[in-house]
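In the form predicted alone, a lone chain appears below as structure tokens.
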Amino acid sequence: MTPKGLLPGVRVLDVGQGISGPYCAKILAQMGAEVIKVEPPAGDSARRMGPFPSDLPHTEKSGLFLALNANKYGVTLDLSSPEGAESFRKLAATADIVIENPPPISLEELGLGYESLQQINPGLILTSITPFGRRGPYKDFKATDLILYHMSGHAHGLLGAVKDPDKDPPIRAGGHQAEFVGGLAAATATMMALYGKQMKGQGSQINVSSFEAMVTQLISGLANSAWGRPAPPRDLAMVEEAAIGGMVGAIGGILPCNDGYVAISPREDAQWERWLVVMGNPTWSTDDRYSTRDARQKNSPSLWKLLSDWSINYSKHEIARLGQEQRVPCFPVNTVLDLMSDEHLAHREFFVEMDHPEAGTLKYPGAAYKLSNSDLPLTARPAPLLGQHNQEILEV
């Protein structure tokens, strides 16, 4: 029988808690690696983060934990005890990869760092995800997702310019952006190290900075800064272009609909002409105030009122289809609930169902890729119960 995934026979120890480490390990698990989640006796902190059914906390029913730890085995070890540390060393001797994301405590502080583990397993890959990496002025700083989002420059331009920057401070996007980006960067680096090990037979230590992983996402802003251009102003009165953050030199933005919002971007004059066709060539379209891109930028408030008065009569999907038929960038602003019933995601079988002994049958996000020569084991097993595989894995 052909093994599923790209990584059959690769053993991973996931010592991470929360999001970044477990997400890195989840990516490897859905690629076919055997991932063993090593939790403290009290369990991963994500078990207490939720969301929970009916808002009733339960260590086995956290939606976050279930999603991040599907397709893993699970054991519990007190790594601070001599017995737990010795059991971990025995496991590490059989592993290809170990993943951690301190704080609260690092393997190094427990006497289980890279040099120690390498003595019993020279080919081991140890991936450590920390807020700021292991060197530099910030290396000892602790940070949450909120801190990393603000420090990495993302909050400054979120939602664009405001009327009064002193009263409307920068905000961050929802979710756990820095944690997931850090985990994704770690998975990429780990796969490169695994390839290097297969080519040269050598293990390695990987240090991932979630801060730097987030900074790399600002590629457009960094490019502008490299050319000596200032950051876009947050003061609406200083923004000359009718676009979010003043970064795009054309009309574009969000329009209200009768069921939510739609985003449009008829940036060029040719696109604008086709957009007028979508709107049925309204009488005001010949007004000199809107006849050129520069004119539309200068008169954007009155123009956006006209566009909004039209769009509110249609659904976001209706407008998106009409715009795309005319080759105008146009797309619905989906809610999370919209995604659960999205026809494209359904056609690609993105969501998969798994039955968990405590949480029941739930839909889980799958992978954003498919392989022509291998199935992915996306539903091999649900997230483990606390200590579920202790006897199977630790007592052999």
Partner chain sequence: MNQLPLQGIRVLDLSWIIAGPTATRFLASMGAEVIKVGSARRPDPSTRGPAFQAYNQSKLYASLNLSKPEGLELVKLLLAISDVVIENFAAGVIERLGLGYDVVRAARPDIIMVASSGTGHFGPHTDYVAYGSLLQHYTGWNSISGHPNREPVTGGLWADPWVGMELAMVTVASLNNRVLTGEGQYVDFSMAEALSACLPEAVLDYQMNDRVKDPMGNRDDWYAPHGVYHCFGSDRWVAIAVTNGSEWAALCGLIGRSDLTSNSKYATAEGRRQFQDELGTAITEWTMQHEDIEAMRLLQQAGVPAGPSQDILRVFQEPQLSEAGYFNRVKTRDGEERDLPGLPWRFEGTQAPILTEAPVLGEHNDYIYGGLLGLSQGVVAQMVEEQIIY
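Positions refer to the first chain, counted from 1. Heads up, when I say rigid core I mean the largest set of C-alphas that superpose within 1.5 Å between the two forms. What you see is a predicted model; the values in this text were computed from it and never measured.
The same protein also exists as the form predicted in complex with the partner chain; that form is not shown, yet it is the one meant from here on.
Q: Just checking whether residue 173 would be counted as a contact of the partner chain in the model of the complex - the rule being heavy atoms within 4.5 angstroms.
A: Yes, contact at 4.5 Å.
Q: Within a 4.5 Å heavy atom cut-off, is residue 339 in contact with the partner chain in the model of the complex?
A: The answer is yes: residue 339 has a heavy atom within 4.5 Å of the partner chain.
Q: Though only this chain appears here, would residue 280 touch the partner chain in the model of the complex if you measure heavy atom gaps against 4.5 Å?
A: Although the partner chain is absent here, residue 280 would stay clear of it in the model of the complex, with no heavy atoms inside 4.5 Å.
Q: Classify residue 6 as contacting or not contacting the partner chain in the model of the complex by the rule of any non-hydrogen atom within 4.5 angstroms, answering yes or no.
A: Yes, contact at 4.5 Å.
Q: Please name which of the stretches 105-113, 82-90, 281-289, 207-215 has residues with heavy atoms lying within 4.5 Å of the partner chain in the model of the complex.
A: Contact criterion met by 207-215 only.
Q: Using a 4.5 Å heavy atom cut-off, which residue among 151, 257, 77, 276 comes into contact with the partner chain in the model of the complex?
A: If I apply the 4.5 Å criterion carefully, the residue I get is 151.
Q: Have a look at 95, 193, 307, 117 for me and say which one sits with a heavy atom within 4.5 Å of the partner chain in the model of the complex.
A: The option sitting close enough to the partner is 193.
Q: For the stretch 332-371, which residues lie within 4.5 Å of the partner chain in the model of the complex by non-hydrogen atom distance?
A: Those in contact are 332, 333, 334, 335, 336, 337, 339, 340, 342, 343, 344, 345, 347, 348, 350, 351, 362, 363, 364, 365, 366, 367, 368, 369, 370, 371.
Q: Taking the rigid core as reference, does residue 176 move its C-alpha 2 Å or further between the shown form and the other one?
A: False for residue 176: its C-alpha shift is below 2 Å.
Q: If we fit on the core, is the Cα of residue 118 displaced 2 Å or more between the shown form and the other one?
A: No, because once the rigid core is superposed, the C-alpha of residue 118 moves less than 2 Å between the shown form and the other one.
Q: Is it true that residue 297 shifts between the shown form and the other one by 2 Å or more at the Cα, once the core is aligned?
A: Yes.
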